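One chain is shown next in structure tokens, namely the form predicted alone.
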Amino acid sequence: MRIGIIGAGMVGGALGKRWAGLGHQVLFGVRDPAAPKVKQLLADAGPNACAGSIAEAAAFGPVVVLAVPWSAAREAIQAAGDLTGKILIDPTSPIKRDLSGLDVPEGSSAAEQIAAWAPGARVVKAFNTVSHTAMTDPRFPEGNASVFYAGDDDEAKRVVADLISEIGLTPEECGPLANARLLEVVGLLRMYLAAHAPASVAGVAFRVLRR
């Protein structure tokens, strides 16, 4: 599968390297494809990865990952151009710096804002409840970490669930995109636990248990 990743930071880099290593074709959309940081990422990701502009990443394939800070999300979507029909994965974490709440309008979510900014895109909220290190190594003593995901398009959610499973994480379907409001609170909870427990943010993850 061809996957465009807007951003080359910790989340985008971790996902891109994992998927490229599994045989997917990945294009990182960045402001400066020749930057040393990007060149090192491509060297780490291997021959299935390349870099280009944000618009090139958005046009690259059926799946696009918006792996930028929440504060940069709207600008990145504008730079991406027409995303109609694309599966747009939103891993953004709209969390206030002091962890006092979410930086979104009341009764909404980052994912719903992104859907409004990218009309026609099939937005799926996913990956905001796990750290980039869990994306690289999903194994915890209790089992592999879960990834909660939500969206309004069933086909898009199936594709995202497969991409989650491929890197060893456990997909947990959480209903319509409006439930991103819940998932973003879960992301805030993970950050809070990491900040108030003897573990780094990378060492905290959630796993659904059933009997």
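Residue indices: 1-based, along the sequence shown. Because the structure is predicted, anything quoted here is derived from the model rather than measured.
The same protein has a further form, the form predicted together with a small molecule, not shown here; the description that follows concerns it.
- Among residues of the shown chain, Leu189 is not one whose heavy atoms approach the small molecule to within 4.5 Å in the model of the complex.
- With a 4.5 Å cutoff on heavy atoms, Phe60 does not count as touching the small molecule in the model of the complex; it lies far away.
- Using a 4.5 angstroms threshold between heavy atoms, Ala20 stays clear of the small molecule in the model of the complex.
- The shortest heavy atom separation between Met10 and the small molecule in the model of the complex is within 4.5 Å.
- Only one of 101-109, 116-124, 136-144, 67-75 lies within 4.5 Å of the small molecule in the model of the complex by heavy atoms, and it is 67-75.
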